[in-house]
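As a starting point, one isolated chain is supplied in C-alpha cells, in the form predicted on its own.
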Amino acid sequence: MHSEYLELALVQTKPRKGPVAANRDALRALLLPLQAAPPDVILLPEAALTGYFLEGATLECALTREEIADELAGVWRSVSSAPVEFVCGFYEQASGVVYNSAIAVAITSDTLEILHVHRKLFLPTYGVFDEARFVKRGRRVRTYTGVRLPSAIAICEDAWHALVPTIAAMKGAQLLFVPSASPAREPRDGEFENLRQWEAILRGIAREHGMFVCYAGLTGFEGGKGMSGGSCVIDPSGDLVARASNFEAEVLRVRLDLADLAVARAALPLLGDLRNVWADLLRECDVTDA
C-alpha cells in the first residue's frame, strides 16, 4: 500500500501569564529547532501565548483572528521561509465579545490565509474553572481543508462531550486537533488522573471514528495551578503514537502515516455504520415527544 505522510510538531508552550508580546521570544526559541526539517503542521495548546487563567485580564489579552494570525506568521517567518500550517488556541476578540478560540492558518514566506476558527462550545464552570464568566461560547462544529487531510478542532472540554468529535467525523474530519489547558490533579504512581482520563477519551475518539487525534496541552504554573502538559498523538486504531513530558515546554515531532486511516476504518467500520443510522438518530434528538 502506498503511504503518504504528514509531519506534525506539537509545541507544548509554557507562557508567562499576560499579553502575547511577552511570550513571542519563548515561542520562537521552541520553533528554532524546526528549521532543519520544517513540519507540515504545528499544533499549540489552548491559550498558548497568554496563559489560561486570565480572568479579569481576558479582554485585555484577547486578539482578533487577524492579529493572532499575524503574530504566528511573524514568529514563524523569523525562523523559516518554509510553508506551514499552525493550529493555535487564543482568546479571540470579535466586535467586543471574547471567545476561547483556536485558529488554523496557512503561512508561506509571503502569504497568510486563515483556514478556520473554532470557538469553544463547552465552557467549564466547576472546580477551579469559571470560564463562562469571561468568555462567550461558540455554537458550531465545522471541518476545514488542512494540508492533506480534512480537519477539525475541539478545544479542551469540547472533546469530553462525545457529540463534538462525532459531528466533526460525520462532517468528514480525519484529523482532530485538541488544544487544551488541563490542570494536573490526583497524582498516583507517577501519573496524574487528568492525563489518564485524557488518554482514555482521546483513544476512544480515535478508535470510534477512525481518525488521528492530536492533543496539545499547556504547561507551566498559573496562580498555584500546574498545567500538566502531556501532549500526545493517537492513531486511528486508538493506539498512542507519542507523548510529551509533563510540566515542561517542549516540541514533540510525529510522522503520521495516512495509510493508517483506511486500515483502521476497514478493520472497525463504526463510522460507516453511524452514517447508516444518522438520520434516525437526528430524529431522536427531538425530545418533545418523550
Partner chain sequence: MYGLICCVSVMLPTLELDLDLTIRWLVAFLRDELQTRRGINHAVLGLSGGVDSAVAAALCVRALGRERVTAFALPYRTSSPASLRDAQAVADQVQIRLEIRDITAAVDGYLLSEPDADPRRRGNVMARVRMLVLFDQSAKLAALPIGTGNKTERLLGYYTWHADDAPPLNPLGDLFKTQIWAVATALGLPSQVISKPPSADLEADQTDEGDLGIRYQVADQILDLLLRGYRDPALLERGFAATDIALVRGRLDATHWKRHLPTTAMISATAINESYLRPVDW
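Residue numbers count along the first chain shown, from 1. A quick note: this is a predicted structure, and the numbers were derived from the prediction, not measured.
The protein also exists as the form predicted in complex with its partner chain; that form is not presented, and the subsequent description refers to it.
Asker: Report whether the minimum heavy atom distance between E55 and its partner chain in the model of the complex is within 4.5 Å.
Answerer: Yes - in the model of the complex, heavy atoms of E55 and its partner chain come within 4.5 Å of each other.
Asker: Answer yes if any heavy atom of R16 is within 4.5 Å of a heavy atom of its partner chain in the model of the complex; otherwise answer no.
Answerer: Answer yes; at least one heavy atom of R16 falls within 4.5 Å of its partner chain in the model of the complex.
Asker: For C61, is any heavy atom within 4.5 Å of its partner chain in the model of the complex, or not?
Answerer: Yes.
Asker: Under a 4.5 Å heavy atom criterion, is R188 part of the interface with its partner chain in the model of the complex?
Answerer: Looking in the model of the complex, residue contacts with its partner chain include R188, since a heavy atom lies within 4.5 Å.
Asker: Would you point out which of 156-164, 130-138, 98-106, 68-76 contains residues with a non-hydrogen atom within 4.5 Å of its partner chain in the model of the complex?
Answerer: Careful reading of the contacts points to 130-138.
Asker: Between L112, A184, L121, V147, only one gets a heavy atom within 4.5 angstroms of its partner chain in the model of the complex; which residue is that?
Answerer: The residue from L112, A184, L121, V147 that makes the contact is A184.
Asker: Judged by heavy atom distances of 4.5 Å or less, which residues of 201-232 approach its partner chain in the model of the complex?
Answerer: Residues within 4.5 Å: G220, F221, E222, G223, G224, G226, M227, S228.
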